[in-house]
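Consider the single chain below, provided in structure tokens and representing the form predicted alone.
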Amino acid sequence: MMLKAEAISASYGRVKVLKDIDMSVESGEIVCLVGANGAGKSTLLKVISGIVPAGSGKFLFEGQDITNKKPDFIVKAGLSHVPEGRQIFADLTVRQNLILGSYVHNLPKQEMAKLFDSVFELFPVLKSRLMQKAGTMSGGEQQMLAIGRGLMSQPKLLLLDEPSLGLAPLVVETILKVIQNLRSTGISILLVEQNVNAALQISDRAYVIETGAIVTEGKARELMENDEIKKSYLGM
């Protein structure tokens, strides 16, 4: 098992946001987290990546306890978090943003060049924008850069938080295809996505979170046929 959460709880001050979360991601899987805004999905990703502390419980990554480790430790272990809202460095160039994604590894130039090529293979537009300031690109290009920056750390597991948010349908289609392609390269994905129908279509399994607790889990295709899921999240 690649990632396992055991009874994870977390709070913002006195407000308990996550309540005894048990979940897992197997090697080579795409797993999505489904739930309304404020359910705790983004917080769970932040706790995994060390941005928000866990109040109780533990995370195991490839058998190693990573609970409340510093973010750079977690990145070195093989997890990369692409946050909601992209959070690129707008005043830096595309090249500089990508280099920052690999900072924990201190790679030689030849290895860096291979990483750049792998990102350009997924997102050719970034190669033509290499010396452009990131803040001057379109929203879709910035999302591609955010994912590319995450991939520069050579992750085994990629945490993606709302990658399609605010993007045009054609760009969303491109992003979702890239996510599927990443799985074929051996990278596992834990996905938070507002487009629940699209997320379930490309995922292997899903967890439904309500008010900080997992209320349903199962194979993505089966959840798509669940009447309650259809009514609550698919508009059917």
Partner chain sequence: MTDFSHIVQFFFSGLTSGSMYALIAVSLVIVYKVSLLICFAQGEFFVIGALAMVTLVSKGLPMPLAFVLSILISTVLGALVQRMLIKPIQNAGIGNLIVMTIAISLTLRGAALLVWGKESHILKPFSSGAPIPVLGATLQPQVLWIISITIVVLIMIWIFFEKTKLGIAMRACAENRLGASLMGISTDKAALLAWAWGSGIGALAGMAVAPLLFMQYGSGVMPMVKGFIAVSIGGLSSIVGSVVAGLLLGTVEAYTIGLISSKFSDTIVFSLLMVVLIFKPSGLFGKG
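Keep in mind that what you see is a predicted model, and the values were worked out from it rather than measured. Positions refer to the first chain, counted from 1.
Not pictured, yet referred to below: the form predicted together with its partner chain.
(message) Would you classify E121 as touching its partner chain in the predicted bound form, given a 4.5 Å non-hydrogen atom cut-off?
(response) Close contact is absent here: in the predicted bound form, E121 is far from its partner chain, nothing within 4.5 Å, heavy atoms only.
(message) Can you tell me if Q87 lies within 4.5 angstroms of its partner chain in the predicted bound form, counting non-hydrogen atoms only?
(response) Taking the distances in the predicted bound form, the answer for Q87 is yes, it comes within 4.5 Å of its partner chain.
(message) in the predicted bound form, is there a heavy atom of its partner chain that lies within 4.5 Å of any heavy atom of L158, even though the partner is absent here?
(response) Judged by the heavy-atom cut-off of 4.5 Å, L158 is well away from its partner chain in the predicted bound form.
(request) Could you confirm whether A113 comes within 4.5 Å of its partner chain in the predicted bound form, counting heavy atoms only? (result) A113: no contact with its partner chain in the predicted bound form.
(message) Using a 4.5 Å heavy atom cut-off, which residue among S49, S188, S203, S42 comes into contact with its partner chain in the predicted bound form?
(response) When its partner chain is considered in the predicted bound form, the option within 4.5 Å is S49.
(message) Given a 4.5 Å cut-off on heavy atoms, tell me which of 104-112, 122-130, 162-170, 136-144 is the interface stretch with its partner chain in the predicted bound form.
(response) One stretch meets the cut-off, namely 104-112.
(request) Let me know which residues along 145-163 have a heavy atom within 4.5 Å of its partner chain in the predicted bound form, or say none if there are none. (result) Sequence-ordered list has one entry, R149.
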